[in-house]
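We begin with a single chain expressed as structure tokens, specifically the form predicted on its own.
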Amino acid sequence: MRDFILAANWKLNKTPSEASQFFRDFNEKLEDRLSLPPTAGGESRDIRGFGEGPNGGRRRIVFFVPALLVATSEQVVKDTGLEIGGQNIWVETKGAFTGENSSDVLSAMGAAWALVGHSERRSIFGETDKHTAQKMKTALASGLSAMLCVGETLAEREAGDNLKVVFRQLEEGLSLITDVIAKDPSRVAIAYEPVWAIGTGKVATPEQASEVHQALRKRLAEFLGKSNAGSAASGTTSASGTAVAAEIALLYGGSVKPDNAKALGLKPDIDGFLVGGASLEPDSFLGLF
């Protein structure tokens, strides 16, 4: 039973006061939408839940906020069940890395997730597949869950290389953490975001998205199966690659909006959404439910 995850990527948006107001409004509207009683007495919404996802797992809500908003956001959402994540971490947890973010500090601030390998990190800041692999390992070692982004450019899709690209990004990104995944697959999620559909208003059709998600699930099972077979020789016992891959949520991202979310969510192997612009207002993000 894998989780269904609705994840927001705020990118470089909102001030602390705007974030606080957003979460107050969002939580109130969410309670109304799901007919939940107000959170009281420190009871955690993570226990009460947001309902069951289509694959029998939990329905989870994650907000990837700018680093300067993590503390404020975590304070406001405490005991609501909403989860906070950081948009970027460095491969080391401390040292002479001016301007970077530590996964240890992110975890200590109460965040639950780190976002790794977003296309903007790759294209604007030069993040490589090697960086994503190291960051995934560092995030998990700090006690965080990690969401790995993969996706092809328009040129790569038109050249017929889209699956080649996302398979490479997937395998490289997970290459250092297969032992952790085998023990607890729920600590990792994959977000497929075709670069040509991010912030452009274009969106992959439900059929295009589902085709890639199904291919990713199959490749993930093959990759984890081979990795687990190798680890078994060193004494590590793990489930088969297929069983482990079946527990990992695969999200779709790329101009997801209320008017296309339902059709996308009905397709096989789409286990939620990573949303940009539509997550900046409570009503538009709630429209994805």
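Note that the coordinates shown come from a computational prediction; the quantities given were computed from them, not determined experimentally. Residue indices: 1-based, along the sequence shown.
Here the subject shifts to the form predicted together with a small molecule, a form of this protein not shown in this document.
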| query | finding |
| --- | --- |
| Listed range touching the small molecule, judged in the predicted complex by heavy atoms within 4.5 Å, from 128-136, 162-170, 92-100, 197-205 | 197-205 |
| Partner contact for V256 in the predicted complex: the small molecule, 4.5 angstroms, heavy atom | yes |
| Contact test in the predicted complex: I270 vs the small molecule, heavy atoms, 4.5 Å | no |
| In the predicted complex, G265 touching the small molecule (heavy atom, 4.5 Å) | no |
| The small molecule contact at K11 in the predicted complex, heavy atom, 4.5 Å | yes |
| Complete contact of H118, L274 and G277 with the small molecule in the predicted complex (any heavy atom, 4.5 Å) | yes |
